[in-house]
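Let's start with one chain on its own, the form predicted on its own, as structure tokens.
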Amino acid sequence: MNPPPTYDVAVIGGGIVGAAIARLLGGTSLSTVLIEGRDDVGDGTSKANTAILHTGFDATPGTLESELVARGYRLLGDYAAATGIPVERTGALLVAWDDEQLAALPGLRAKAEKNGYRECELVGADEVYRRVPDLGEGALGGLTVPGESIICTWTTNLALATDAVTRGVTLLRGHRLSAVRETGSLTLLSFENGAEVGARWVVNAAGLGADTIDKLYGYDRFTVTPRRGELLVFDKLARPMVPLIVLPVPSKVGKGVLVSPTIYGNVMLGPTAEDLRDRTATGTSAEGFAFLRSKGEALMPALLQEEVTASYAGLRAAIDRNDYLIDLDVHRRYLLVGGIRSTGLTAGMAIAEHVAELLKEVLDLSARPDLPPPPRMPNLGEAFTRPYQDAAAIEADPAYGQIVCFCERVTRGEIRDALASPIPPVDVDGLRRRTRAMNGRCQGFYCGAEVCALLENGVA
């Protein structure tokens, strides 16, 4: 029997955080493998969130999370510009609907300043309605957060993972970890599919499964509670109603329900916050739908007159502490990256930096001089030029003028490119995240057969 492949570092978890860590390690001379239990990168927590690039204004001051979100905001902003990840700098507005919320706004501005963000301004009701005329009646005032932005979480994850692969990182998809065996200087990782991998160091960035893997190492220090957040997506015709992110004033119960534009031109309402036991419960519910509609009626009743084109739910990895849990066990050559909530989208690249700071004491993380340039990602953002709008691109390659998905204006050329990319999709959902195909009004009713045929047979 041949010995299993062995790497210097194995990163478990192909979400945004794991991909960011693998990308950074791929820039060194270390051999690295990125291991994802699902069939695609970004198919867990990272694919279904509110897709906001956070300034970190409302993080708990002094926490590791607050530090890394602020740093990640700058890192990801720069990386997005370099790779073509779509970002819209819409800004945000916290809206107070009662006297208690209004009284909380100065404290929230002071909190933002403690976090190093000094751009927030208190505004009165007149200014709130000037900025968002379609808000429901009764707003008393607001707090502006001009740096808050919307971003494509799908492209972010894929860009980081693609960058890792082009830097030489091995990607294993469909490898769900089942056992860990430590043998001298090597850790043997066994998977449900029968495969095995050897690693000198292991980084656990498994999101919802991080505590399960931690227990394989004999730890019992935290438990992940899957927190389901359901959201409603409204048709693109509703977008003019929501020019920026409308945030609730947070309470002891949680951050509440927001209304936000999306990078794809829609409007999003949500999320709910429901703690569950089932780590696979990403289905939506009648109760969640009713709750969001009741909140939407108060926040923006005109929005509820628009068509809902989709609903979805994501699971966040909540833990029993108010901060990230990042810990290095030098003796067992194991590093835990746990408790990374929805802020992991923004903080991911900064978390990777923090991990590198911990590992550089025991590993040579010197940058290789021959790194390839970062990948240039296909644009999925509605505010930027798409291939079907690019006359020069169509003249050079007519496939960019052949629309397959008419709701989202996805072309044959884009699907071909996705299938030929360094990390091609293996199913329709993966293709959807790479192109927006089947993501519009009809949800694939008209284009589904053709899209599936292209996925199965390739694009000639």
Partner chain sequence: MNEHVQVLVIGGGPAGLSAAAALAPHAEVLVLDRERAMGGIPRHSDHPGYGMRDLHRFLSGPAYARRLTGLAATAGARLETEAMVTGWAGDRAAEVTSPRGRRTITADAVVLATGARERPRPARLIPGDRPDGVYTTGQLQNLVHLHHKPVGKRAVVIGSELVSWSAVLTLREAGCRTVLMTSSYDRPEAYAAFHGPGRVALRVPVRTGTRVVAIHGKGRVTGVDIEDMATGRRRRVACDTVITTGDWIPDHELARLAGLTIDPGTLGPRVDAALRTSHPGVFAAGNLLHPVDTADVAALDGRHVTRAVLDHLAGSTDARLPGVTVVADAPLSWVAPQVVAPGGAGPSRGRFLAWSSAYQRLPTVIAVQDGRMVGSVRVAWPAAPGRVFRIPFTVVRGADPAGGPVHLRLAGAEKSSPGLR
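Owing to the predicted nature of the structure, the values given are computational and were not obtained by experimental measurement. Positions refer to the first chain, counted from 1.
There is another form of the same protein, the form predicted in complex with the partner chain; it is not shown, and what comes next is about it.
Checked against the partner chain in the predicted bound form, the candidates Thr83, Thr309, Asn115, Thr272 yield a single residue with a heavy atom inside 4.5 Å, and that residue is Thr309. Interface residue among Ala70, Leu30, Ile403, Ala51 relative to the partner chain in the predicted bound form, by the heavy atom within 4.5 Å criterion: Ile403. Partner proximity in the predicted bound form, defined as non-hydrogen atoms within 4.5 angstroms of the partner chain, places exactly one of 344 to 352, 277 to 285, 329 to 337, 205 to 213 at the interface: 277 to 285. Using a 4.5 angstroms threshold between heavy atoms, Leu358 stays clear of the partner chain in the predicted bound form. In the predicted bound form, none of the heavy atoms of Val249 sits within 4.5 Å of a heavy atom of the partner chain.
Under a 4.5 angstroms non-hydrogen atom cutoff, the partner chain in the predicted bound form has Phe289 among its neighbouring residues. Within 4.5 Å of any heavy atom of the partner chain in the predicted bound form lies no heavy atom of Ala10. Each of Leu237, Phe445 and Ala449 comes within 4.5 Å of the partner chain in the predicted bound form, counting any heavy atom. Residues of 36 to 74 that come within 4.5 Å of the partner chain in the predicted bound form, judged by any heavy atom, do not exist; none qualify.
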